[in-house]
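Take a look at the structure tokens below, where one protein chain is shown in two forms, each on its own, as structure 1 and structure 2.
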Structure 1
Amino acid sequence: MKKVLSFLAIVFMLFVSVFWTKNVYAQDTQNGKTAMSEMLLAYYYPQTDAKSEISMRIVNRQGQVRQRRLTMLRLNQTSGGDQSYYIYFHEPADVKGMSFLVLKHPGRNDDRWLYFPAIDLVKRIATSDKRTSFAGSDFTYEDVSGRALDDDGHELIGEENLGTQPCLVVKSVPKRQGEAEFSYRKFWIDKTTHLSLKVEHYDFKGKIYKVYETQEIQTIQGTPTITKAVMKDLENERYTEITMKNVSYNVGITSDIFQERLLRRPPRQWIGE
């Protein structure tokens, strides 16, 4: 009888421990995924629409600087789902008037069009690529428009204070390895604003090669907004600084401006010279 009891006890304990570890694991990935999804919403989807003027400073290791100035219009179709972007480049002079239209569909390839004023031509760009740079900066296209939540597995690996801000630390590993340049990323997500304050990119040998850092957050129309950030490429000794000016939310952007043919005639009510 004792034997049977002890056997049952062992079986029970095994069962419990299996269940328990599995549960903790699930909890952690669950928390990781939640944190990441909150971050994506806070960073890419605040309010219904937004208009901002963005300056980019790309600095190479010689200290040479490349400037970009652009206006970005965004309209959410559904929260956390489809979005439309209209990007108009003001500077440098030779690209002035180039504009970029993106219809973002999380889970499948985005629709993108680019307008070339020099030859007065709109080109549709078909790409499934995750690694291309955004306008020659150290930010990738994905960094700017967001990477789909389900492309990575997310795991909450701890909590840490970054400066005075308590953060959740989430490790995100691409489900299809080799598709992205990184083998995984680590996010420090501010517990109160849900914005990421720091992102570390690790290569296939587990070496850190790129770091994103938020440098300034302003609360605009009640929405905490990153207004200054930097992406540093540690190996190539390049970095890109990004500054947001004149950010305003819910300005009444409508779907009809996100049309291929309007790339030639930018909506002047939103985009100045």
Structure 2
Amino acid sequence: MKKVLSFLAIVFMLFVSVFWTKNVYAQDTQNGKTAMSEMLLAYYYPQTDAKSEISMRIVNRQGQVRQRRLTMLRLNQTSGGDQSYYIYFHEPADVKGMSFLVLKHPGRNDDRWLYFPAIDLVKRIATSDKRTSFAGSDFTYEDVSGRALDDDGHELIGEENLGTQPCLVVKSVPKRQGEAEFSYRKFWIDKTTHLSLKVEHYDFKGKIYKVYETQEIQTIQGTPTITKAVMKDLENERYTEITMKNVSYNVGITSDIFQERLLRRPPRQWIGE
């Protein structure tokens, strides 16, 4: 009888252990997805629309520097849903007049176009090209407008201070391996602002090859806003710094400016020169 009771006790303990593990994992997965959802809203969707001036500094391993100056316009069709971007390059001379349009559709492929004024060509960017370099920088096209939440599985793997900021640490793994340039990413998400303070990109051998770091956050019109950040390419020993200036929210941007035909004729009331 004792042997039977002992066997039943072991079976019960194993059942409880498996049940508890499954539920903890499910909870971690759900919490990870919630943390990522909040981060995407805080970083890519603050307020209804936004206009900002961006300075980009690209530095190679020899210390040579290339610079870009551009204006970015953003309009949310819905919070966390469809969204539009228009980016216009002012400097230097070899990229002046180049413009980039994104019509973002969570749940299906985004529409992206790039205009090259030197050859008067509007190129539609294929889905496979979204992981390539944006304007010669260490950011990809996908970095600019974001990656869809449901493209990855998200697991909350812990909490950790980054400097003095308490962060949630989330591991995101593509659901369709081979459709992303990374095998997984780790995010450090500020528990107060929900902004991502650091992102590590891992290759298919489990090695870190690219790191994003937030360097400055300012509160603009009541909204915590990343105003300086860097993306480091560890393999090629190069990096790109971006600085956001003159950020304004809810300025009245309308959807009619986000059209392919306006890549050649930028909306001067928003772009300026």
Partner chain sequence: MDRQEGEMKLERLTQIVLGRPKLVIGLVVAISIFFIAQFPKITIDTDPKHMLPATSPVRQYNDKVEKDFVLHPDVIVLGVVNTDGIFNPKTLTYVKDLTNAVRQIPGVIVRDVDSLSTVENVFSKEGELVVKPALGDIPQTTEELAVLRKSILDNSLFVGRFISSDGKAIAIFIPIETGANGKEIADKIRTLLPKNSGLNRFYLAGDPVARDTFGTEMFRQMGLFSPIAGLVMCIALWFMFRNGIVIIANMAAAMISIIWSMGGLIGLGFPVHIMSSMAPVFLMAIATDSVHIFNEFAFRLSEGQDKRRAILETMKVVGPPVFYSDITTAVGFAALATVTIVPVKIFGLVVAFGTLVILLLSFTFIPALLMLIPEKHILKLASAHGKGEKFSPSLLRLGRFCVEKAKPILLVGIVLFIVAMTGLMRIHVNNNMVHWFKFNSEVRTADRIMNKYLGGTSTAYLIVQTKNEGAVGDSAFLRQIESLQRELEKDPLIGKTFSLADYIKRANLIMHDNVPPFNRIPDSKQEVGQYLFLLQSAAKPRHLDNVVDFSLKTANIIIQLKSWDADVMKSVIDRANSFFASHPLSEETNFKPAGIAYFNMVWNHEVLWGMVNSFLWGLILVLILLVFQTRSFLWGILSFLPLLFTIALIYGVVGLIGKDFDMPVAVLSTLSLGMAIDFAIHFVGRFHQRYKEAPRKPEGDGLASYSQSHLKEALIWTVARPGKGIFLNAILFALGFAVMAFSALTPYITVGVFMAAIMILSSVMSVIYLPALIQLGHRKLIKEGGV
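If you superpose the two forms and keep the largest set of C-alpha atoms that fall within 1.5 Å, you have the rigid core. Since this is a predicted model, take the numbers as computed values, not measurements. Quick note, the numbers are simply positions in structure 1, starting from 1.
- Between the two isolated copies of the chain, the second is the form predicted on its own.
- For F89, the Cα coordinates differ by under 2 angstroms between structure 1 and structure 2 after the core has been superposed.
- Core-aligned CA deviation for W113 between structure 1 and structure 2: 2 Å or greater.
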